[in-house]
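Here's a solo chain for you in structure tokens, the form predicted on its own.
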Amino acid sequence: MTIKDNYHNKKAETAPIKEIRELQGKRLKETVHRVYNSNPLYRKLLDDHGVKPGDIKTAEDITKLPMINKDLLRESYPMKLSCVPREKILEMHMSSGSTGTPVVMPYTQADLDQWAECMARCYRMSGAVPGDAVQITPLFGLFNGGFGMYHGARAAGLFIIPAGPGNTARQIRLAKDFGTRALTGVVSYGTRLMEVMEEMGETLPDLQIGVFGAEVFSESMKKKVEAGLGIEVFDIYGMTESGGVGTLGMDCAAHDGLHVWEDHYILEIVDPKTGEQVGDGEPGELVFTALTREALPMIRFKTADLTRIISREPCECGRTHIRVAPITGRLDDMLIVKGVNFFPKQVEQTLLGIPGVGSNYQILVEETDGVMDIRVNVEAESGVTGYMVEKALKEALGFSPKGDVFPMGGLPRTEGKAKRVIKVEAEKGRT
């Protein structure tokens, strides 16, 4: 199979750009009419912004609409923004709510079918074909990861191993016994698999594909996991507000940006402060509008994710949908220390560039009287010194963070999404 053969819906994935724009305009118009006429909160939002459904005629009219963020969703908890009767809702998922009231996403049958379609495209784009064994390691619960991977795998005709998280030794046994070809999860769990496989003296010769999401990870981490597991890593993108994992897209085998499914979403990159669209290639905040979600379509949702448009031209894989760079970080993840702004991804990229440094690290954030400082703890092989780590971080970040070097295996492990940034008590240094 070549890079141009792995389609789930070739007609939609390779549609001429002109057709995609016309479809976006049609679906945007329909969506705005529907939310305005079915939900009083959406109607008030548009009325307060001075826009009526009749003002929206083409995809370019999207700039006439107001932007929304998590605040509106939290204020409308649990489902006051739903645009369908309660009896049409078949399923729900929600965010963790770790930074406030959780965000709830309801699903009709049409929404579940849309989610499955987007995820199936991602599976096929990774090279998975009907009959391949896919091992799903995210949690099957309120978090959307496990179910999204499951819905998509069924639509793609894959053999599903719904392992869920944890019990890494069993995960390895399952993958070996059932010939797992594709593994899904968070990239930090990929590094955990590598460690346990080495401890067990096991290899997984059938494993070829890794589909990882939910965590921002660096190119260095990607290469480390690819080398350690002997797989090709794909960066999948989606969130609770867009309808779940894979709904927004993924990178293809060309690995030249994340394809965004433009027949289902309109994407904008804007200046986070002004909300104005930035030019192609310029970094900014990703904003999306859902065109085919039924229960709760987001209108110009500000994601807080930072990226840039790589290309609007057709990709070598044959897909015509817009491509954006892998997510750099989140606006709410940005750290400001000693006048320097940076993201955890930059720390990871720097650490993994030091020979002998492991993939497990911690960024401990201390704040005293409004002044922030950080400690960077990292695992490394014998011979790696604190001076080496400090020097590399100073060159990359512009200041020297405190920190310690631990032997391999010396820092805590997680079986799911890694918690890299940890707030600590500055006076006592306790987590």
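Just count from 1 along the sequence shown to find any residue number. Bear in mind the structure is a predicted one, so any value in this text is a computation, not a measurement.
Below: the form predicted in complex with a small molecule, not depicted.
Asks: I need to confirm a contact call. Of 190, 165, 106, 238, which residue comes within 4.5 Å of the small molecule in the predicted complex, counting heavy atoms only?
Replies: Of the listed residues, the single hit is 238.
Asks: Go through 91, 232, 215, 256 and name the one with a heavy atom inside 4.5 Å of the small molecule in the predicted complex.
Replies: By the 4.5 Å criterion, the partner-contacting residue is 215.
Asks: Taking heavy atoms and a 4.5 Å cut-off, does residue 361 contact the small molecule in the predicted complex?
Replies: No, residue 361 is distant from the partner.
Asks: Since only the chain is shown here, I'm wondering whether residue 95 would be in contact with the small molecule in the predicted complex (any heavy atom pair within 4.5 Å).
Replies: Yes, residue 95 is a contact residue.
Asks: Is the gap between residue 327 and the small molecule in the predicted complex 4.5 Å or less for some heavy atom pair?
Replies: Output for residue 327 is yes: heavy atoms within 4.5 Å of the small molecule.
Asks: Look up in the predicted complex whether residue 245 has a non-hydrogen atom within 4.5 angstroms of the small molecule, and give yes or no.
Replies: Although the small molecule is absent here, residue 245 would touch it in the predicted complex, with heavy atoms inside 4.5 Å.
Asks: 137 to 145, 316 to 324, 83 to 91, 259 to 267: which one contacts the small molecule in the predicted complex at 4.5 Å, heavy atom to heavy atom?
Replies: This holds for exactly one stretch, 137 to 145.
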